[in-house]
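Shown next as C-alpha cells: one chain only, the form predicted on its own.
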Amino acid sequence: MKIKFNIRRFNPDDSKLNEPYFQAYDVEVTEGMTVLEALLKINEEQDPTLAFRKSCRSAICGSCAMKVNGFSKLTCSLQVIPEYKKKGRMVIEPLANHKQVKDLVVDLNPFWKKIEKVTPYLTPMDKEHEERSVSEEDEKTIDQSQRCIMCGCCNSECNALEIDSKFIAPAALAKAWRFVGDVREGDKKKRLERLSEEHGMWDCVRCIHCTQYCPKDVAPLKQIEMLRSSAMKAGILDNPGAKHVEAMADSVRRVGRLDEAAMTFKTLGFLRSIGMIPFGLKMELHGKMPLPILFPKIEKIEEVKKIYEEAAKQGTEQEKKKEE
C-alpha cells in the first residue's frame, strides 16, 4: 500500500528555503516495514538530500529518535502500517526541545552537556568504605535507570525543558540516580546538593511525559522522585522544592487537606511571596486563586495523624534494618 509521508525539512544553506517546511513523499509500504526503513527508502529512491540519523537499527543506540505523529519515538522499532492505521497519517519531525540542524537532524550538544553536569561516573569512597559488595537488592535499585540508551525522547517530551532551556532535564536526572543510588558512590550528598540547586531536580513539573514516551522503560520520573526523596532524607531542605514538600505534608497532617495559600508562604518565604502578588492577581482574574480557609480541619483529623505516625514508625524501622 502507498502511504504519504509528510516530513519537516530544513536546510540552513538554502537561501531560498531557510525556514522549516513540510515535504510530502509517497512510499510503497510493505508489512513489517519500520519508519526508519521507509525513510531509507525515500533517501535511496526519491531524495538523497533527506538528512536523518541512524545506526544500529535494533533499538539499542538511540540515534533514530524522532517525532512521529506528534510524539517522540524510535523509528527503527516503530512499524509504519500499525502506526498509520492508528493515526491515519504519517508526519515525521525532528525531536522537540532541540535545535534543528538539518531536516530530521538536531543539535545534541546541549543534551550531552546536561549529562556531563551530573558527573556520569562513580566517585571513589574513602578508604574505610572503599570495599563494598553489591547485593542483588542493591542492583535492583539502579537497574531501571541503567536501561537508558540516550535517545533523547524524554527530553523532547519534557514540558519543563520547553520553558526553561537550563533545566537539567529527565535524561540527565535518570542518569544521576544511576550513581546516587549506587552503594559504591562516595559523594552521594554532594551530588544531591548540586541536583537540588535551581534548574535541578525540583524544577520537574511531573507531567509524566518522560516516562510515558521512554522507549526503554527507564521511567525517568520515578528516578527523579527517588533523587528527591534521598535529598530530603539527607537533610538537604533549604530549597523551594523541599520546602514545598514539607509544607504540603504539614498542611495534610495539620488540617487533612491542602491549605494552598499557607503553602505559598512556607514554600517561598514572606518576601518572595510578596513579590508574587502581581501573579496572584492575574490568577484571581482567571478564578484560579486559592483563598485562605478559615476553618480547614476535616472531620476525623485524628485518623490522618495516625497515618503519619505509622509512616514515621515504619520509616524508622527501615533505617534501623539498613544500619544492621
Partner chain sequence: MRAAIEAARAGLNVAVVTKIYPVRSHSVAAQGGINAALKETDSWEAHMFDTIKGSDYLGDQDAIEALCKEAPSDIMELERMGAIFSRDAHGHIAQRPFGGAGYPRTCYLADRTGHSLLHVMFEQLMKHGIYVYDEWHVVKLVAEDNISKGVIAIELSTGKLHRLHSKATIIATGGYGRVYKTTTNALSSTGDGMALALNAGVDLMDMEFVQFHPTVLPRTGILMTEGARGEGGFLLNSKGERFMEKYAPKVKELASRDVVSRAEQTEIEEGRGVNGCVLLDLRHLGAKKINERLSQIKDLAINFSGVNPIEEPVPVKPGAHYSMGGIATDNDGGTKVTGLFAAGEAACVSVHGANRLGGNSLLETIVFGRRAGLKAAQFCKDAKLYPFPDRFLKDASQEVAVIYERENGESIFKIRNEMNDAMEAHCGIFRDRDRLTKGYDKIKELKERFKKVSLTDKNDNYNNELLHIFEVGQMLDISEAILVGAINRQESRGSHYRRDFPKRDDENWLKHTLIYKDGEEFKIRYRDVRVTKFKPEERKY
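Numbering follows the first chain given and starts at 1. Fair warning: this is a prediction, and the values are worked out from it, not measured in the lab.
A second form of this protein, the form predicted in complex with the partner chain, is not displayed here; the remarks below concern that form.
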Name the single residue among Ile81, Ala234, Val91, Val105 that comes within 4.5 Å of the partner chain in the model of the complex, judging by heavy atoms. Val105
Check Lys189 for me: does it contact the partner chain in the model of the complex (non-hydrogen atoms, 4.5 angstroms)? no
With the partner left out here, check for me: in the model of the complex, does some heavy atom of Glu193 sit within 4.5 Å of the partner chain? no
Indicate whether the partner chain has at least one heavy atom within 4.5 Å of a heavy atom of Glu136 in the model of the complex. yes
Applying a 4.5 Å heavy atom distance criterion, does Glu44 contact the partner chain in the model of the complex? yes
Contacts from 95-126 to the partner chain in the model of the complex (any heavy atom within 4.5 Å), listed N to C, are Val101, Lys102, Val105, Leu108, Trp112, Ile115, Glu116, Pro120, Tyr121, Leu122, Pro124, Asp126
